[in-house]
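We begin with a single chain expressed as structure tokens, specifically the form predicted on its own.
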Amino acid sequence: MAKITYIEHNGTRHEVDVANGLTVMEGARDNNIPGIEADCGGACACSTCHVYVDPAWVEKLPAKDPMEEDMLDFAYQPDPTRSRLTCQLKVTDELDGLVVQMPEKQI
């Protein structure tokens, strides 16, 4: 179980416990957190679960695979360092304390 903080574009914070084995996207969906649409259901076929990872966490996450890199090209205002698709981030104990911020909109 990991405590993950999701920050909406307007600054509203949501701290939730997410079970290991789920993705960061599923944690947002299951807790009704606005700002992560996840149109493809987690298949890495869209960019509507895009977030900006807190700078302190960027190096702690697994590297992006080529498919995630390609999908981020379609995200709203992607940041080359901080942008991630939450469907590609599996929750483990090591993600306890992760902070992500939603963009202004998903496209």
Partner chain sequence: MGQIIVVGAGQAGASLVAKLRAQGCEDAITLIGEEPVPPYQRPPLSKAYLLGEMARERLYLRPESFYAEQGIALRTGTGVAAIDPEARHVTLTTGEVLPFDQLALTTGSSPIRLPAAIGGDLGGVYTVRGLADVDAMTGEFSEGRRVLIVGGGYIGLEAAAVAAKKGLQVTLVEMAPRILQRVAAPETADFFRTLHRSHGVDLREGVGLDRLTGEGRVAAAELSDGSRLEVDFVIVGIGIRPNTALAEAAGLAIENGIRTDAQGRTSAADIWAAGDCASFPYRGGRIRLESVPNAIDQAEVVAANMLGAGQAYEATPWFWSDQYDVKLQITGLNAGYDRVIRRPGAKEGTGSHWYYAGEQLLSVDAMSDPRAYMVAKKVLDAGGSIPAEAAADPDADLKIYMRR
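Residue numbers count along the first chain shown, from 1. Being a predicted model, the structure only gives us computed values, none of them experimental.
There is another form of the same protein, the form predicted in complex with its partner chain; it is not shown, and what comes next is about it.
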Can you work out whether residue 32 and its partner chain are in contact in the model of the complex, taking contact to mean some heavy atom pair no more than 4.5 Å apart? yes
Even though the partner isn't displayed, in the model of the complex is residue 16 close enough to its partner chain, meaning a heavy atom within 4.5 Å? no
Test of understanding: in the model of the complex, would residue 11 fall inside 4.5 Å of its partner chain by heavy atoms? no
Taking its partner chain as it sits in the model of the complex, is residue 40 near enough to touch it, meaning that at least one heavy atom pair lies within 4.5 angstroms? yes
Under the 4.5 Å heavy atom criterion, name the residues of 21-58 that approach its partner chain in the model of the complex, in sequence order. 21, 22, 23, 26, 29, 30, 32, 39, 40, 41, 43, 44, 45, 46, 47
